[in-house]
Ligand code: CP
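Below you'll find only one chain, the form predicted alone, shown as structure tokens.
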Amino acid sequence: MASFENKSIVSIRDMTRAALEKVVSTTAMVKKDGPKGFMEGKTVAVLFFEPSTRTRLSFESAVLKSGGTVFGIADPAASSQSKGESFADSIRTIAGYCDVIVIRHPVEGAARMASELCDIPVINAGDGPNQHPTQTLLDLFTIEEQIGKLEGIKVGMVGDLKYGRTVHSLTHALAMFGNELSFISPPSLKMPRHILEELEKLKIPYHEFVSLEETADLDLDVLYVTRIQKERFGDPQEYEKVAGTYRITLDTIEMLGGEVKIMHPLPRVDEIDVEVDDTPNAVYFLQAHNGIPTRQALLGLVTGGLK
């Protein structure tokens, strides 16, 4: 991506390392009381066909803070698709009402399809278990903000690595910076084989573990925790087998050396003890708040308001 203007943000795989660095640096500029009003005169449609709190609200806040206007769908039952209108017809129609479409959809590939149906930028806010690029971009910004760099770090990812779209996108991004990755999950929720094969081709060092205790001597800089997602399981009994497998406590932080930064895309259920919230290791709420300047930066770049 030589330029972001009028480009869709569908997958981290579409982006180069330089593009990721550009978003991170632009986010830093925006967060540091950067330019105002760069979305003035622009309208953004925020279309969520799947439940969300942080992503939807932070996109809406990002538009408003940048001087734009926003409308959208927060409940699929309130859209014409409940009357039988096709997804394609909905997208083609709505594209005529706005300058950017932000979309979350339970079906993998929906955001890509939307980007091919219209000639305005489409930003993927999560498509099924596939990709969540804007989450990854705010994660990268948070890591650089907390660790001071994006290269030469050790990152552990724990929980649902099979269905977790956040860790799929983040793995690809961190690989561009040559980082060492550790994957901790139940055998049934391992990182998909095709992602591991990509790491092998790139000669990125990675490890697979079943327990957190196995990572005690790795000196992790970041532990990225994910919720085991009940909604991704077709069989409730299969979910019950793995629910509550991992729980991050004060003892976990001590075991990992005491300095590790704990990240989580939220929402959490019971995978991080609330006692961790008051430690300097816990950065997940800051991470969530970083969604606003990151999405401001992206919106400004794709509309040409920021260069």
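Note that residue numbering follows the sequence shown and begins at 1. Note that the coordinates shown come from a computational prediction; the quantities given were computed from them, not determined experimentally.
Not on display, but discussed next: the form predicted in complex with the ligand.
- Select from the listed residues P51, P35, G41, G258 the one whose heavy atoms reach within 4.5 Å of the ligand in the model of the complex. That would be P51.
- Have a look at T215, T171, S115, Q135 for me and say which one sits with a heavy atom within 4.5 Å of the ligand in the model of the complex. The residue from T215, T171, S115, Q135 that makes the contact is Q135.
- Message: Only one of 86-94, 147-155, 127-135, 204-212 has heavy atoms within 4.5 Å of the ligand in the model of the complex; I'd like to know which.
- Response: Looking at the other structure, the answer is 127-135.
- Contact label in the model of the complex: R104 to the ligand, heavy atom within 4.5 Å: Residue-level check for R104: yes, a contact with the ligand.
- According to a 4.5 angstroms non-hydrogen atom cut-off, is A28 in contact with the ligand in the model of the complex? Result no; A28 lies far from the ligand in the model of the complex.
- G67: heavy atom within 4.5 Å of the ligand in the model of the complex? Result no; G67 lies far from the ligand in the model of the complex.
- Message: I'd like to know whether A282 contacts the ligand in the model of the complex, with contact meaning heavy atoms within 4.5 angstroms.
- Response: The answer is no: A282 has no heavy atom within 4.5 Å of the ligand.
- Any residue of 249-270 with a heavy atom within 4.5 Å of the ligand in the model of the complex counts; write them all down in order. Counting only heavy atoms within 4.5 Å of the ligand in the model of the complex, the contacting residues of 249-270 are P265, L266, P267.
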